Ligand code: DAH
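Just one chain is shown here, as structure tokens, and it is the form predicted alone.
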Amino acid sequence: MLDALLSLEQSALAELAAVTGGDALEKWRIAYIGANGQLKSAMAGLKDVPKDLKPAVGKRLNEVKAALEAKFEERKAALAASGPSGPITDITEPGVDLGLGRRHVLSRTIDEITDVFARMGFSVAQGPELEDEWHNFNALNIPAGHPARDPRDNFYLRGAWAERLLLRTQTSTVQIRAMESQKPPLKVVATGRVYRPDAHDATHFSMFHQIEGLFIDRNVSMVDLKTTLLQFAKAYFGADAEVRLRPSFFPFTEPSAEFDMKMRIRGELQWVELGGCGMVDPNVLNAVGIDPEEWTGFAFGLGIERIAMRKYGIADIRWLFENDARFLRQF
């Protein structure tokens, strides 16, 4: 038995000295000092040793066990100090491309349009989406009893009927707030969400985005308005862009016009309405304390979704809000 323990100790230490990695070290531990290892098997054989030799054999078993465990810990520490084992990672290799996110096509369209008007001298104005009737209707020359105030055509807040709060139906509310807080001359654009209870289809949605433009100064005319919109169209859509103004009616502008642009739809050039515009009505100027005898101005409102759909060939407005990554990655 003593000779067997000597042989076990010598072979175990020889194999341990040859271990060069963590996996091999773990295999050695299991083979020699693990719960089912060779040392455990040798200890089980102690019962067969003659009674007079058991003290010497037991002492030797404990010495071998202590020696192997001590050498195991030394080897483990030495391997840890020498660095990781296994294949070496080349940190100069390019990493796996996980792909970058991108801004939503509507956010990018808003930034692009705002940048065009910024180059024309327009600053950006902001306003709340939850509005009162004064800013959404009264100051915009939409009197009480006007069909545009019908609850079926607006999102009034439940429980707020006394205050008549509603989700704004147009970004024209921001031009009122701009004229209330700034003295003319002023030149601003405002972008944001607006809300109307429209049935959802390929061209209508109950929430969409607009950009509102306002220019107040002395001697502003329709010529300035048309020039501004023409320059926008050429800067955003290209030098060949064709635009026109068609007579129309809006309560807050006089005269008023629809802003159309010629675009290719299903291979055919057609006139497409992008928004409304006109000279700011004197009643609107009076409502915010600006003298219409001294100051004049123009305003326009363009649909962001309509512009994005025409520019990128998007056939259904609902696709813009479904958050289908396969669709959004195209832009």
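Because the structure is a prediction, the values reported are computed rather than measured. For every residue, the number given is its place in the sequence shown, counted from 1.
From this point on, the text means the form predicted together with the named molecule, which you will not see here.
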Cys277, Val64, Ile290, Ile304: which sits within 4.5 Å of the named molecule in the model of the complex by any heavy atom? Cys277
Listed residue that, although the named molecule is not shown, lies within 4.5 Å of it in the model of the complex (heavy atoms), from Phe232, Phe122, Phe137, Phe252: Phe252
Counting only non-hydrogen atoms and a 4.5 angstroms cut-off, does Glu131 reach the named molecule in the model of the complex? no
Please determine whether Thr109 contacts the named molecule in the model of the complex, using a 4.5 Å cut-off between heavy atoms. no
Taking heavy atoms and a 4.5 Å cut-off, does Arg75 contact the named molecule in the model of the complex? no
Closest heavy atom of Val284 to the named molecule in the model of the complex, within 4.5 Å or not? no
With the partner removed from view, which of 197-205, 210-218, 143-151, 184-192 is the stretch that lies within 4.5 Å of the named molecule in the model of the complex, judged by heavy atom distances? 210-218
Residues in 171-195 with any heavy atom within 4.5 Å of the named molecule in the model of the complex: Ser172, Gln175
